[in-house]
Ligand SMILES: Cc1cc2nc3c(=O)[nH]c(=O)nc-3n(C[C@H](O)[C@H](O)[C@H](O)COP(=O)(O)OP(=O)(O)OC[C@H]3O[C@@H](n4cnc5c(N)ncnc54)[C@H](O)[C@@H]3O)c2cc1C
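Take a look at this single chain, the form predicted on its own, given in C-alpha cells.
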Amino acid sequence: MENNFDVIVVGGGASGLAAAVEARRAGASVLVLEKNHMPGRKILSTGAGKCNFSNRKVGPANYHGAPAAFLKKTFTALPPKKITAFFEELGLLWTEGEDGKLFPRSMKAQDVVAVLVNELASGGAQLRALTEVLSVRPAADGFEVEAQKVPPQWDKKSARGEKTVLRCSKVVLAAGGPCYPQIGGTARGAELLRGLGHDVSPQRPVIVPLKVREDFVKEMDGVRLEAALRLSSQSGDSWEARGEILFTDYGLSGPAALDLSRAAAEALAEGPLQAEADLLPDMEADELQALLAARAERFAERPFSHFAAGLHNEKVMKVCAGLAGINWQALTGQAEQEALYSFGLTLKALPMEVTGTLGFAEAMVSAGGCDTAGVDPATFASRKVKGLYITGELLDVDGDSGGYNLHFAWTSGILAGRAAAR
C-alpha cells in the first residue's frame, strides 16, 4: 500500500473533502484519512438531512471568534458566491429557501456528500475510512503521520488494527470538533494542534438547545410554532430572535432558540437568565386582548376548551390557561376578566427561566479552538509549522445557524487545498 503523498488530509468532513478536491484538481497526490466508516457523516445530519450548505447573506458579521479583519481577508480570497460555483462544477443543483438559506435542489444531504466523493474518486485521490490519526510530526522533507485502523463505532468488541506511518509534504488538519460524538465528533484535532505548538482554547457547544426550569414544557413536548423569543439577564442585557421554536421535555430547541444559545451560555455564567416567548408574534397585544374579549362573550356558555379550539395549538392553550388560573373544562363565562387578560399576556410573553444548555451531543457546532492569529486567513496555512494547514471547526470561528458554518468549512477547505498543492 502506498504510504507517500503530496498532501494528507486529516478528516473527511466538509472542510476536509473540499480541501482534498482542490488539492487533487491542482495535481497533488492526495490521501484523506477518516475515522468514521464513511466520509461526510456530519454533513448528512445538517438541515434535518436536507443540508443547508450555505447562505446568500454570508459576511463577517455572521461569525464569532475570529476578528472581522481575518474573515474579510478570507472572503476576499474566496468570495462567497464562489461556493455555489464550486458545487455547480461538481454537478450539484441548488435552490434558495427562506432567509437566504441554500439547499441542494433534491433536499438531500447525501447528494452533497456524493458529488464531493465522486470528484475525489474520479480524480484519483485516495480515501481511507476507519483510520484514526494518532500523531502528526514534522520531518525533514514534510511530515510523518501515524495512523491506525479502528473498528466502526457500533463495533465495541473488535480490536484496533496495526499502526502505520505515512509520509507527505503537506498536511491539512480538518478533524472537526467534539459536537455529535455519536457520529464521530472528536477533540482529537485540537490535541494534534496543541502538540504542534498552536494555541487552542477550550471548545464549547454553541447552536445548542436550551434547558429551562419550568416543568410545563413537558406538556408541550414536540410542539413546533413560529415565535419571537427574548432572553434577558440580571444585568439588563437582552437578546431576541424570531423563528420556529420546538418545545421539548427539557426546554427549547428550533432555530430561534439555537440562534440565542451562544448569548445564553455566556450570560448564564453571570447569573439567572429569563426568557419570554411571544407565541403570536404577528398580533399586537391590544389586538389580541380585544379578540379574546369578543371570543369570551361568544363562548361564555361553553367550556373554555371550546373557547381555545382553533386559537392555537391545544397543548399550548392548556398550558397558558393553567398559568392564568383558568379551568380548562369550566364554562368560559366563569373565568374572571383578570384571568382572561393574564391568559393573553401569557400568549404574548410565556415566561421561563433558562438554566443551561445541552452538551456536545446535541450541539451543531463548537466555539473555541485554534487561535486564528496563528493562521493565514487567505490560505489557512499555519504561521507556526511550515506545510501545515488548519480548516473548519478546528479554528476559533463559529457562525450563526443558517448555513454559515458549512460555508466557512467549504471556504477554508478550498483555500487550504489550493495552497497545499502549490
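Since the structure is predicted, the reported quantities are computational estimates derived from the model, not experimental observations. Throughout, we count residues from 1 along the sequence that is shown.
What follows is about the form predicted in complex with this ligand, which we do not show.
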Practice prompt. Could you confirm whether residue 367 comes within 4.5 Å of this ligand in the model of the complex, counting heavy atoms only?
Written response: no
Fill in: Non-hydrogen atom contact residue 254 with this ligand in the model of the complex at 4.5 angstroms
no
Worksheet item: Within a 4.5 Å heavy atom cut-off, is residue 405 in contact with this ligand in the model of the complex?
Response: yes
Worksheet item: For residue 217, is any heavy atom within 4.5 Å of this ligand in the model of the complex, or not?
Response: no
Fill in: Among 65-73, 350-358, 370-378, 32-40, the region lying within 4.5 Å of this ligand in the model of the complex by heavy atom distance
32-40
Worksheet, complete the sentence: Picking from 104, 209, 184, 243, the single residue whose non-hydrogen atoms come within 4.5 angstroms of this ligand in the model of the complex is 184
Worksheet item: Mind listing which residues of 118-147 have a heavy atom within 4.5 Å of this ligand in the model of the complex?
Response: 131, 132, 133
